[in-house]
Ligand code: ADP
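As a starting point, one isolated chain is supplied in structure tokens, in the form predicted alone.
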């Protein structure tokens, strides 16, 4: 009783419809092959024999008819199942060897085991054993360019046997070899047949076909004869080839993808560097600009906080009325005792500023004259460095005394002259310098706070400003008091006194929050501009990967023929794109940190590096690799293996 056929084709036809009129290559092909047979498919060039072998090897599908493998209709199988058949059932031996030039002999031989999920050590050992059995024990680490044609074909045979190779499909295996090399290859195929493997040989050479036990002749896409050779048989009890243990793709495929990605990048170092450049610039820009933005933000906040976070400022003019403070004169000295009596208020001072000319001897200096109260140093946490600040008695007596800032002291009294006890002119009025304030720095707008002088508000109003009313009043809240409650109390008091809302109260905490939001907006704007560089870099990655797919089309076809799934191919090219962006991202982080530190050292800008922007920039680079690498990877995965193998 005859066993179920290994391969069975029933009324199979193949017609190609792309590129113009339909072209029929195979017509009504019927063929049954039993396990263990040695079959030669013989015909002239263009007879359809290679197309028939491609259908048998699941590289192509019939346009009509039925093809079964061990009774399973191939038409019912999806792409992954067909890839598994090519990987585990068939072993391909090509006329042009189809070895990968950048891999050694043992690496070429072990590729099918990668897509079966065999660990690196096991597949390398198995590939080495196969190559030694084929007489290449001293050529394991040689690359194809270092091997003769016969040796390359032996590597191809080892690759076909890597996953067991129960069915060997040999397409003109001696076509590129000399006579001696051809004899050696045919001897190997006969040995494999004697071990129980099914051999299907495609050739146009009758001498090569004579090695088979059965010859199937094909002409113009039709089988014209199917004959057993003298002494041949139809096969039957095949001995299974040596099969490596079952495993599942996973880590092995990932490792192969990483290795191939690294090889590809190193193969074209200049192109790789230029591809990474956009990613490096993008990530470095994000890291550096965010650090500079954070530094500027922190500096602004510190300067605002240095003025006091527990302060309330009462401005002239009703809320939300622009420039109203220029016409309202409601803040008078009589308001100060009432404001000081509001629960929670620790101290209160008026403040009025005016740009004035300060003179000492032959030195003239434009400064900001501030009329204020004796509690100014305590309210603003601004101590006196030398001398004293004016007192309440000075305010009461309209004393012509002044405290000066560090910038004023440095510019008005050069050469180490002690300012204390000196008389200076503010406008035309003389004032005695009684104190020098500690340095405070600049305002968020860049104004030098130390280029100021402070005098009693009574004296300033009478001798400098010519007015009794104040520009604004600053209130310091007691520690632990509720800022909102104090603010509400002040509002109620002033509404009672003024009978209208001709003032507005600003909370320093609100000012800090507003400044924080503003600086965040500016920082994010800088980051957004930098991210544009990442997008441009991503487009560069996509373009280069598309070029890479075109250049490596044949490699893709080889990988598909020996068992790679579409996902495996897509994963490999996606891995390359991600690796470009990963390495570029790391380099960009380093360049960004270096650029930020250099900017700080050269320009004196404050930079603050935090983990979040660096992680976000690096994550964006990684995501860029996935997004912009997907299209080229998908294009590679969708290639037809037959067309890919035919590409030179």
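Residue numbers count along the first chain shown, from 1. Note that this is a predicted model, so its numbers are computed, not measured.
Below, we refer to the form predicted together with the ligand, which is not included among the displayed structures.
- Heavy atoms within 4.5 Å of the ligand in the predicted complex are found in one stretch of 596-604, 45-53, 576-584, 611-619, which is 45-53.
- Using a 4.5 angstroms limit between non-hydrogen atoms, residue 11 is distant from the ligand in the predicted complex.
- At least one heavy atom of residue 25 is located within 4.5 Å of the ligand in the predicted complex.
- Though the partner is left out of this view, residue 630 does not reach within 4.5 Å of the ligand in the predicted complex, counting heavy atoms only.
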